[in-house]
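Next come structure tokens for two forms of one protein chain, structure 1 first, structure 2 second.
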Structure 1
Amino acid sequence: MRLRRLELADIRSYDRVAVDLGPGVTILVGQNAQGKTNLLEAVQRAATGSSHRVAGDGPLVRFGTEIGIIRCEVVTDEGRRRTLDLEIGTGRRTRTRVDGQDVQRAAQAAGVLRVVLFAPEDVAIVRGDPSERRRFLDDVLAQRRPAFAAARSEHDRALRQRNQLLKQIRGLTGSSRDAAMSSLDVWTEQLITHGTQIIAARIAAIRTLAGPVDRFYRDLADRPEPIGLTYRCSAGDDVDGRLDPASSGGSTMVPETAPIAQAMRRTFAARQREETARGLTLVGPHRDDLDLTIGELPARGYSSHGEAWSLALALKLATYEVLAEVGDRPIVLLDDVFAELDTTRRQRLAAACAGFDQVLVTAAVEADVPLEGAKIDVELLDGRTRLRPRDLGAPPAATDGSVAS
């Protein structure tokens, strides 16, 4: 798909702008702190329902104003025109309109605009805590399968209830403790019901990602070592987190849930004493991790800065393929990526970008981006960001004449 027109009113540093975007590459050029990332953030928020920088919607509204508006005009892969409008208020629920019609639930707007965003913060997927990798997987899944987000929130609710019960049990003795323990099982079953779905979906996502990640990493890195993706499950690794190429063939990438449920039940039983002592649920998707290896070594502790960057970027670019499997091809947003890469890698990333329908790139230094495409100057004037698209047909800047003859 393609974002044809974007309008922002009172969003971050924008008071009122409208910009038409073409297919292929568009480069937003401007000094730091002029509002380049704000534009990508607005697109990301409209597409996924959350910003990559802040938790709530409030900070997206321009400081000192009440309501911000993000208006997107999209052309689907089939050439259909769709619109997605967001009205974000500081003190109330965000109103979303799809094709001019109000939608009641945010899930109904999912998929109208699909994006893959890579920002410098994403290196945390490789080097950060397990929670970063869980979020990476869950974000991909939520964009790909709407039912996943629902399973996630049901699981989180059951988890909060079970943790609360475990804390209560810790403080009890005798018969009241036995009574509380008697209801622990039903919460364990609730967690298993929803947890297995999440685990199965994540394993399926990893199986789909593995090939593209390996390919993109070889394209980007100096030393093309094989990349390993393994689902590290708190219920035991025999739930089939290993990427067995023999078993991952065919279209059924989603593993059976029954063995996962069995493994969870077994581990819950084995760790119950520890759980009641700590007052904490220790088994389930909220304790799992995605193990990444470069060659033989764990990427988290052993990767160089360049390797970590290449791998994080490869993971993000691979999500493009996962999303494109079902539905429209997403729009790729690259926030300040090229400055972090050396010349060779820039060339390789540029080559990878040629395969995407539409790419929006931000850069402080134009020369860092070895890509052909439309250019838009981003500049902050009187505290408000201005966008100035350059004429595509305009002659190159005047040279000093020494090149002639």
Structure 2
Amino acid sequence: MRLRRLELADIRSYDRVAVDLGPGVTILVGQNAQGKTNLLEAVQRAATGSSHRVAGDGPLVRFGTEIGIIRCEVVTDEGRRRTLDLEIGTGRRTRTRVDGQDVQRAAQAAGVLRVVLFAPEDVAIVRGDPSERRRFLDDVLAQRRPAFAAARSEHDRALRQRNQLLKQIRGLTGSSRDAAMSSLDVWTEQLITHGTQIIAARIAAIRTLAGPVDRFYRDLADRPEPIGLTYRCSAGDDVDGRLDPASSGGSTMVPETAPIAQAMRRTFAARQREETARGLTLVGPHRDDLDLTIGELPARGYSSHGEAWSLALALKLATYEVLAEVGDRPIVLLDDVFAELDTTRRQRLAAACAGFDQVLVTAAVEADVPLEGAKIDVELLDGRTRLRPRDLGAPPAATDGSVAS
């Protein structure tokens, strides 16, 4: 897959700009705070439905404006040209169009543009809270299996309803409490139904990622310690998140869903009193974690800076491989990554990039990037970012009216 053209209007520091991108490597060069990351963030938002920097769309819209526009023209692996248009704003529903047609649900746009982004913030996958690792898995699954996003949305809706009911139950007595508890059982079953699908999909993703992550880590870090990935389920140890070909049938990575549902049902029953006392759902995929180990030690608490970076990068490189197995090969986005690596790791990452169809790299210091490719200078002028394709000697990349609105 290749991103052929990107157009932005009122996105972060970009007022109105368009840039044509070729295959291979494109390096965005500019000092810090010029708008390089803003460009990659826009691509990430269009592809995955979320930013790697902020939770909502509000900060993506240029200050002083109400609506921001992202337009991507894509060429698939089969040579088909497609378009993806987003209109985003604060306090309004995002309007999404695929190939010129409005879509009602974001899941319908999943897979049109596929990306793998690595940024300094991604070290939090290794060292941060469980929510970072859950989001990593869910981002992989949403691009690999577009239906996953719908299941996650249904689960989150049921979770909100159940949490609201749990808070209400704390203040109820008698028949009112009995009626509320009956309603709680309904929402519990909804959570089990959707949660089981999410947990099974996450475990399958871990089993698929395990081999490539271990291989990429050994290559990047040049270390012999094996990398371990284990899914820690809040429903208990009955849910096996490790790869065991003997117990998983040998030919499939997807676990059976019935044992997961049974484990969730037992744990909900065991923790019902605690949940009603706290007014909070304590069981489900929103409470799970991905354990990462380097050798025998937990990576979160014991990895060095270099080890954490190598493991986080290995996770993202493995994501590329896993996504490429199903559908178009994704575009790789590297946000100021080379500056954080030593010379050996830079060379090894550069060697990995040679196998990707398209790579967009940002760098404050051009010499940090041991890659050959097109170069675009990025500069902030009067509060607005301008792009200057260096090799063409052209004026700043811009557009007059070509951005969809």
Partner chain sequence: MYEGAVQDLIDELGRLPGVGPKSAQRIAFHLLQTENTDAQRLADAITTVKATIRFCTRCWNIAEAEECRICRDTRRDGSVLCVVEEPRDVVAIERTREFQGRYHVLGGAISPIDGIGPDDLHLKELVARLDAEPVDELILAMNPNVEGEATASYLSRLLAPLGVRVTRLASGLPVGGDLDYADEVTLGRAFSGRRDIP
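In this text, rigid core is short for the largest set of C-alphas that superpose within 1.5 Å between two forms. Numbers given to residues start at 1 and step along the sequence of structure 1. Note that the structure is predicted; figures quoted are calculated from it, not measured.
Of the two forms shown, the one predicted on its own is structure 2, not structure 1. The two forms, fitted on the rigid core, differ between structures 1 and 2 by less than 2 Å at the CA of S304. The two forms, fitted on the rigid core, differ between structures 1 and 2 by less than 2 Å at the CA of A204.
For R162, a C-alpha deviation of 2 angstroms or more is recorded between structures 1 and 2 after rigid-core alignment. In the core-superposed comparison between structures 1 and 2, the CA atom of A180 travels 5.6 Å. Relative displacement of the Q190 Cα between structures 1 and 2 on rigid core alignment is 3.3 Å.
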